[in-house]
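So this first bit is one chain, no partners, the form predicted on its own, shown in structure tokens.
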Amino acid sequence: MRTLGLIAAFCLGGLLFFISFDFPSWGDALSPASRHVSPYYIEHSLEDTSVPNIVTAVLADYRGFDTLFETAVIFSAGLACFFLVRVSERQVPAARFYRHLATGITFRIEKGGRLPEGTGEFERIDSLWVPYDVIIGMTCRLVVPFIQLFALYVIAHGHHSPGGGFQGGVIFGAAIILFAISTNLRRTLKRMSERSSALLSSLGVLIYAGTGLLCLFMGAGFLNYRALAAILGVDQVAARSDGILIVESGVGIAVAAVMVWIYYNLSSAGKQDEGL
């Protein structure tokens, strides 16, 4: 089976390498894209979409189908990681470790022993324990809200400056992962559970695809945001701008949630108990 896989990979790679010679040269001014596609985007994107950032207009409007499938691929990656890595049965560790908050002394509780959970005097720590650093923990707790706020800014301001759903989603997801690294996985799961990350991943894709379906129901083409003008109470150009913001928000939600979902499974080997 491995041999067949290698043969298939080499054949496909050779085919792609052979086809690449038919592509126009890098930066060729006479290539079809440079002659009529790119000039149109540069000259008409602001007029068509009321979005100064040409990249955002291309990704979420002119090339909206491709970006939708990119979002679906990201969601599929999170789903594949879940099915491949996630451990279905909760495994109780042989021993648990706790830190006494007042003194910093750590305790090892063997399986079957009395666990000091819920007392408020002890904090559970991972078996592969990294010494607790109050400076790192407090700094991350102070920084994370500002990172998340900046992520929302990147998504909302992607019309006018570099940014958008993918970039903002990555920043927002990284903020949650930073909190997990500076504290522990269990505390992060209490704030954003695995189920929540999975549902938000689906919600992000649904917002994007649902916007396209809404355009169909309004009598226009799929992802033709002009049809939203009647619902939003604006002209068709402004409707395209608002439609871009809606789908970019969906992309941001999906990307952030998938990042967190994948991190939960990879960092804990699918056990959702301990991990960095």
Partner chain sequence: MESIGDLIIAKYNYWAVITLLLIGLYAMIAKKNLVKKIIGMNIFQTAIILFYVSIGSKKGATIPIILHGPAGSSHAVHAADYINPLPHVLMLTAIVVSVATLGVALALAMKIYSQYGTLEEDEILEKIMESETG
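Because the structure is a prediction, the values reported are computed rather than measured. Numbering follows the first chain given and starts at 1.
The discussion below concerns the form predicted together with the partner chain, not included here.
For residue 167, a non-hydrogen atom is located within 4.5 Å of the partner chain in the predicted bound form, even though that partner is not displayed. Interface residue remark: residue 187 is not counted as part of the site for the partner chain in the predicted bound form, having no heavy atom within 4.5 Å. The partner chain in the predicted bound form is not approached by residue 233, whose heavy atoms all lie more than 4.5 angstroms from it. The partner chain in the predicted bound form comes within 4.5 Å of no heavy atom belonging to residue 229. Put simply, of 191, 141, 124, 160 only one has a heavy atom within 4.5 Å of the partner chain in the predicted bound form, and it is 160. Scanning 74, 109, 174, 180 against the partner chain in the predicted bound form with a 4.5 Å heavy atom cut-off leaves one residue, 74.
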